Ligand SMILES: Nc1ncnc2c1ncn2[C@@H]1O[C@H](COP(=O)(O)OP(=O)(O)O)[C@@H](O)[C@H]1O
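The chain that follows stands alone, in the form predicted alone, written as structure tokens.
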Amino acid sequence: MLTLENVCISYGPVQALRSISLHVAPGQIVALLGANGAGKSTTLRAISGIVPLGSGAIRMGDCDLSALKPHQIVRRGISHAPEGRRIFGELTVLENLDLGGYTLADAAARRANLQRAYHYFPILHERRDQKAATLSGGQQQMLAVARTLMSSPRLLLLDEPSLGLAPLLVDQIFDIIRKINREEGVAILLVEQNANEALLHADRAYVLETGRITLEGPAADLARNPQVIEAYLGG
């Protein structure tokens, strides 16, 4: 479904990604692990077209994404929930969700996607007329993920969905993410500092260190890897 080949990205003199290659197959959850500053968020921004490639290629099936603008990439079936939620606090929950479906011309599809978002996050239906800024942190994270569903995605890019949440809410968010994956068949590329949760729910995983992929493989294998245990799992 998604393939990155030898992707390099620089911010001025700083090389953020150094020839990374990875892939996400249809229906998979793939975790991208690494310390702060390793290049995880940059990878998702590159896929979304927010930062330009220095070199390499990013493809969705046979489509080269590197020449497309962000809204065109959304139309290709990729939706991104960025780190920090980035919701519009002065807009209502419903208005935030409507913005997530702006690339869809079909009003019926937007209505169906709205009902789908409410199915996975019933609290958002209850709070639909409430300003997003007044939601709790967990509810704001739910809104950020629900907004990604509004564009009929085939692939979700989720950046730190558990950041700042209490353990009970972390479990709830990951349960919903897994449910979306199973029921909708939506593939997920997950950036997550909570490596235990990420590896528990992922099919495959990559470890990114200072802009390079240093480990990759089935998530269950990486969860048993001594390097991963020492660096990321508190071993």
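Note that the coordinates shown come from a computational prediction; the quantities given were computed from them, not determined experimentally. Just count from 1 along the sequence shown to find any residue number.
Heads up, the form predicted together with the ligand isn't pictured, but that's what we're talking about next.
Just one of 57, 35, 50, 166 comes within 4.5 Å of the ligand in the model of the complex, counting any heavy atom, and that one is 35. Within this chain, residue 22 is remote from the site of the ligand in the model of the complex, having no heavy atom within 4.5 Å. Within this chain, residue 16 lines the site of the ligand in the model of the complex, having a heavy atom no more than 4.5 Å away. Residue contact check for residue 45: one or more of its heavy atoms lie within 4.5 Å of the ligand in the model of the complex.
Proximity of residue 194 to the ligand in the model of the complex: non-hydrogen atoms within 4.5 Å are absent; the residue sits far from the partner. Note on the interface: of 35 to 43, 58 to 66, 178 to 186, 196 to 204, the segment with non-hydrogen atoms within 4.5 angstroms of the ligand in the model of the complex is 35 to 43.
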